[in-house]
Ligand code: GLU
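Have a look below at one chain only, the form predicted alone, in structure tokens format.
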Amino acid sequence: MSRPVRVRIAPSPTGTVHLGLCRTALFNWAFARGHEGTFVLRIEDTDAGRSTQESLDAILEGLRWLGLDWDEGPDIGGPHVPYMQSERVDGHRATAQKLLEMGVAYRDFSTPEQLDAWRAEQEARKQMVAYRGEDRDLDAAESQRRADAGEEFALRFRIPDGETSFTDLVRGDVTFPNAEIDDWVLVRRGGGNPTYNFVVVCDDIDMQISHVLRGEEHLTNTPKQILLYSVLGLEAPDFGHLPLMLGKDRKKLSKRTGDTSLGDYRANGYPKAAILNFLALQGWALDGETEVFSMEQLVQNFEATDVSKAGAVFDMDKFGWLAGEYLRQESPAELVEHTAPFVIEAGLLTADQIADRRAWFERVVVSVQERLNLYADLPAWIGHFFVADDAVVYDPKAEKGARKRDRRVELLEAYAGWLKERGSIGDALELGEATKAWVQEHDAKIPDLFQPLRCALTGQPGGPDLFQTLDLLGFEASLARIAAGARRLA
């Protein structure tokens, strides 16, 4: 590349951290890391009425949790401080004054009422022409006189004739006729704040941003910003506009189709690696076939030019599957660490109890690992371990299946007697083989015992290995539950 790679994300601290922001951050981060570049975090907090410290903290903590570390930012500083946009306003105003003096900006004294009337006229005529202020060609001295007299104005950028073209890293060659671009506002009426389209260019110039990877919704802002670079005599960054994230119905993502915050996905127990992997698939692919890959592979292979221009379908089913794939790769220690908060929240065990029974708890978690998609799934799978032996809650499906077995009570009572004679559970694998032989000796079929037995032990219609469950429950608890089951299923 002809210039050092410097990319940025510039979120506004006005709400929760949504996955769209996380995907934009991920692609910028991967691009920077893959090109030995710099990843900058800048906060666009000029909307003082909506910006909150809580939202800023959530952005910093959420991106940090994902592992998307930045090289410059409001919390760590850097060579282009400050990284809070609200602290850069004096520079924005100085640049606005410079543009006015250059003649590429002008004061527009039109009132809001006049602008509303103009828009209404356009709608009535069914015209969509770009706005050109009545004061566009006002003599500079007269413009200054009216401003000095206290007349309110907005500062607008003077769009030139012709067209604006650029090569988008994602979409290829793009051209906008300048006749379709408004003389857009640089500084709001009445000495208000500079606008987004203006200050983002000022800040990108100051921070020497080389590439701008952002959402498709910003595409129409790009010609305005390129024209601003041009009048300042500066090279514009390379732009790449990422595809929209769509629901499976191919409509804009909504809460119903997955548009919720990063915090919600964390609270629901999605593995961090799965979130990153899934976000990477929202518009990009490693090789068209591999769906589970590491962040190292993403960094090594990511190029903005490989991002799809078509909308990315946010498939919740695929997200769940991917989460399960990552969860099942975890070591027992990792799985315990990640699921423990959900077990504690469910009231099954305290942190101290988990620590005291660590080896046993680890075995319990591993026993259902293949059945989990989310960390939050664990309490539902293991809740039966933490109820009184005579108070196991029977799932209706489990109880119905158990009651279909005519010899259920006879076999449960006989099996309990056989276990007592054994004196212990012993090895789970050996017990399973011995039990199958015992069933055959009693002229029964495997389901005749196994369905009522599982119902008595766990209350569930299915689950992990039955004899592993007996082992984890222990000898006395298993016998007590079998006895209770024989009574309840009679």
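In this text the structure is predicted, and so the values were computed from the model without any measurement. Note that residue numbering begins at 1 and tracks the sequence as displayed.
The form predicted together with this ligand exists for this protein as well; it is not shown, and the discussion that follows is about that form.
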Decide whether residue 408 counts as a contact residue for this ligand in the model of the complex under a heavy atom distance cut-off of 4.5 Å. no
Heavy atom of residue 385 within 4.5 Å of this ligand in the model of the complex: no
Residue 196, heavy atom within 4.5 angstroms of this ligand in the model of the complex: yes
Heavy atom to heavy atom, is residue 200 within 4.5 Å of this ligand in the model of the complex? yes
Out of 80, 171, 218, 88, which one falls within 4.5 Å of this ligand in the model of the complex, going by heavy atoms? 218
Give me the residue from 482, 470, 10, 22 that has a heavy atom within 4.5 Å of this ligand in the model of the complex. 10
Please identify, from 259-267, 361-369, 210-218, 279-287, the stretch that has a heavy atom within 4.5 Å of this ligand in the model of the complex. 210-218
